[in-house]
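As structure tokens, the next two blocks hold two forms of the same chain, structure 1 and structure 2.
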Structure 1
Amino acid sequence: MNRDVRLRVEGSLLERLIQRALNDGASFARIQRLGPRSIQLDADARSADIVRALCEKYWLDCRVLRRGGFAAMRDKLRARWTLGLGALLCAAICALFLSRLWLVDVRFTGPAPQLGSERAIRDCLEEHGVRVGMPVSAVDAELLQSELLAGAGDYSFVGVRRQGVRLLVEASPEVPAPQVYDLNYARDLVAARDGVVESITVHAGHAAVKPGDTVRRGQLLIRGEEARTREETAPVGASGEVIARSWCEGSAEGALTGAALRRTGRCEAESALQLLGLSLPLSECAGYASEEAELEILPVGGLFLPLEVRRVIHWETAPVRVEADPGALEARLRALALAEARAKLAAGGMDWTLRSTWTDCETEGDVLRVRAVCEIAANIAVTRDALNQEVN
């Protein structure tokens, strides 16, 4: 028993009306007396129909005060069918939007996320047909995961997850394996660069130099052999550290004098009246073989009319010899030479410690030459294979 419909009935002998409605199968949630000749009925739709039929039959005044429930909703929807259509359209658009892939994010995790290449992963995703706007159901995360793992580069882990309209690719770049070598593989350690040996620490093998020795690049530092007996030696993989002082040079040079164009003082001017793309010459001049031009714009039409006078002043110039500031030039050349020396050290690919730097200058005619030297301490012991690779 619900209260979908509220009726107001006016007339006499309303008790009999209620009784007849009950006899016809009606039921009421609430009946209230409003006055001597009126009552208010709350009933479901079926009972309300029964009461209305009886009121028509007995010429009683019956009015519907309120309608609710499913029937009322149906009537409201009929009256506002465009609202339902809009809601359906909105739902369809939402469904269409949510069924597509709109975001593809790539995230790198693991101990070395900086080694990951987002471009490589995105290229691999494109190769496998993953693009923004494709249906989400067409993305097979597990298959894509294995394909990325196989084709996107060196990754120890690749995870692909669908999060609504977002595809999240998490990749953990592979950490490069440390340099290892076979301890039993016979090898020597040689000098990677020229220098003076400061200290030597031998872990395996036999030292071929001692502190204070001057060594050249490629010279044997630690021999890969060890004595088994007094007469017998066996080859081993030499291991150790040879700290040596070494030097790296850089140089730069610059001219102390130079040529520059200076104005002679003679000038000519030409002007033209210009409106948008149209130009009307007012005065002309021939100009000079070597000159500098200055443009002056004089607005004539104010803010709203783009009418202006363009005046070009041609200044005659002549080449003159100027002397550079020696102090500034020397400082600039020192900085350049030091930068070159440091760049050479960085290109060497070894760990080093800078001990000191110095520069010296020399003038030869009109040219100032600066030489910069960086003194470093570094472990210069490398294998012959590494040295050969460096050469290649």
Structure 2
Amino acid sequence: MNRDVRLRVEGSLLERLIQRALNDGASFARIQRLGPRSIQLDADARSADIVRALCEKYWLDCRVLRRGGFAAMRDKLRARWTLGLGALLCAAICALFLSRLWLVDVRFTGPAPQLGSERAIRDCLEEHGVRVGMPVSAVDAELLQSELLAGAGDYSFVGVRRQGVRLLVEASPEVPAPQVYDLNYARDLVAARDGVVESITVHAGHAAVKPGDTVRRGQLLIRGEEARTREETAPVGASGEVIARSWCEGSAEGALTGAALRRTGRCEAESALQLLGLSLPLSECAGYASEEAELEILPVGGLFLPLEVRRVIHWETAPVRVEADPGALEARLRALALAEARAKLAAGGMDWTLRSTWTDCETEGDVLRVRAVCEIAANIAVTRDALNQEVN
């Protein structure tokens, strides 16, 4: 039996009240005596209505202490009808929000994309009507994927996915095709730069140098021929790697002494009265051939009248010899020399690994010269055609 309603009845002859309620069809889950004139009843909603009707008939005090079940829920909903309206409004707003596209993300995978690749993809999406706030149902992911592959750039893969209110575009830049060698085409590999050979790996052809040899730029490293028999050789396309130590230099120089302008202490002044672009000279001066000028402004009219006195002081200057800070100059020249050496390596167009760097300084007169050397390890084996193109 449920206990949806809890009642408290106060009065006399409460046992007869309970018996009369039982005779009328009421049933109770619990009856508790609270005092000589007070009892507490737990019953269902129908039994509670019977007890309340009897209490009203016989003028007894009956109070509802607790009400539960469907009836209580119904009463609460009636009392708080705005709660249901708010829930419906919230559900409508959520449905409207979830039916629109609010995020458009572009993600790249694989090789690093080119500068401006994301902007190109977003421009292509805008051309096809994809914008924040559009209906999600209007987004055709397969069509967008095809359009981006065709017009957004060189990509090996473009994927478009809808994730709720988010549109995710994943793109992978196209990987350039590796260089293909024709093994039947006669070709030698020569040194791209001066260096000392550390290791040789020959895939096709015949090595013309060995580890420890010093080679010059353009010297033959791997000969493009292979022995067919003891007396016969056949031309092939040489292929392999020749790792060599090489060096690249950079230099910078700077003067230990220099000229600077210093004030001699002599000065002259001129002044003028100025109002709204109009100027009235008050005093004049000839000035100096080499000078520094200082401007002083004295307001005369205050906040209401833009009248002011402009006074210009001309300070005479003369060149003097000053000595530079040797430590600071050397540090700056070392950085410049190393930067020049690294720039030369970057302009060489080959992959290299930096082994070590060092610098040396020499002073000649008042000039400080710094030489920086970068030692690298690189594959210096290139074709003659590539070497000639680099020269041109």
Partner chain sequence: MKSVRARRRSGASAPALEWLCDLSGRTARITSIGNRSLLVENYRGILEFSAERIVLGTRCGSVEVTGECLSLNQVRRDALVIEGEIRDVRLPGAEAAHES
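C-alpha atoms forming the largest set that superposes within 1.5 Å between two forms make up the rigid core. Everything numeric here is computed off the predicted structure, so don't read it as measured data. Residue positions are counted from 1 along structure 1's sequence.
- Comparing the two isolated chains, structure 1 is the one taken from the form predicted together with its partner chain; structure 2 is not.
- Comparing the forms between the two structures, the C-alpha position of residue 42 differs by 2 angstroms or more, with the core used for superposition.
- Relative to the superposed core, residue 146 undergoes a Cα shift of 2 Å or more between the two structures.
- Relative to the superposed rigid core, the position of the CA of residue 165 differs between the two structures by 2 Å or more.
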